[in-house]
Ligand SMILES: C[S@@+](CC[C@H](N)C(=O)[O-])C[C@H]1O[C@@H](n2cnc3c(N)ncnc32)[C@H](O)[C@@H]1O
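Single chain ahead, written as structure tokens, the form predicted alone.
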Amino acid sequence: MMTVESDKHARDELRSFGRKRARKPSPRQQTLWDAALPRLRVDPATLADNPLPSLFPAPVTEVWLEIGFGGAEHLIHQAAANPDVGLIGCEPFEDGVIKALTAIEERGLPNVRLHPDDVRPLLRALPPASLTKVFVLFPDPWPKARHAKRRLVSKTFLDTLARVMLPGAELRVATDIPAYARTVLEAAIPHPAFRWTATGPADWRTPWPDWPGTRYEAKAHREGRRPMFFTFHRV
């Protein structure tokens, strides 16, 4: 049930993402949506009643969150490579959710759960200090100046993340848009809860060692843009 406070948040927040559907799902995709998603879906309203690892059928040592997983390449890669970690993927775009559902079912991954909507209500519902890693990879850039206020990463967003991340937890942000990179650094560098780990340009020009590559990174390279990879630690 939506509280008065959460209702106010919903009214006040600008959407940080565009459309939610590109095309009508096929019958097989609709079946996945109807049958698999209810089993894998995270309901923010229930998170206060149970420990976060209890979302997953097998024991997990930690929980990671990916915000805006797009085509789910990175989400699925991390889930397969880290079977002892529970991953929550958030993506409001329905085509991306269907891609994730397809991969989860085909590969039999028990350590993934999905929130097919805006991440901010989920973040407000998560228990304090419950995440050890958060990914924000190629978020919607909102490149026009009049739309910049819709960018997800901001001081307010980092305040919310700080509450749910354990001390020492890692925040990874990737973008290929210089203006968005400035937005990220202007929000994160002065933030008292986060420390930027870079010591030189190679640190943000080089992907992380466990980076599988995504379609958004490939598109950036095709269009002549250099992706940037930022790592911050929760103080």
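Source: prediction; values computed, not measured. Start at 1 with the first residue shown and count on from there.
Another form exists, predicted in complex with the ligand; not displayed. Remarks below refer to it.
Comment: 63 to 71 is the region of 195 to 203, 47 to 55, 34 to 42, 63 to 71 lying near the ligand in the model of the complex, near meaning a non-hydrogen atom within 4.5 Å. The closest non-hydrogen atom of residue 86 lies beyond 4.5 Å of the ligand in the model of the complex. Contact annotation: residue 120 falls within 4.5 Å of the ligand in the model of the complex, judged by heavy atom distances. Taking the partner from the other structure, the ligand in the model of the complex has no heavy atom within 4.5 Å of any heavy atom of residue 164. Shown alone here, residue 215 lies within 4.5 Å of the ligand in the model of the complex, counting heavy atoms only.
Contact annotation: of the candidates 90, 79, 98, 134, the single residue with a non-hydrogen atom within 4.5 angstroms of the ligand in the model of the complex is 90.
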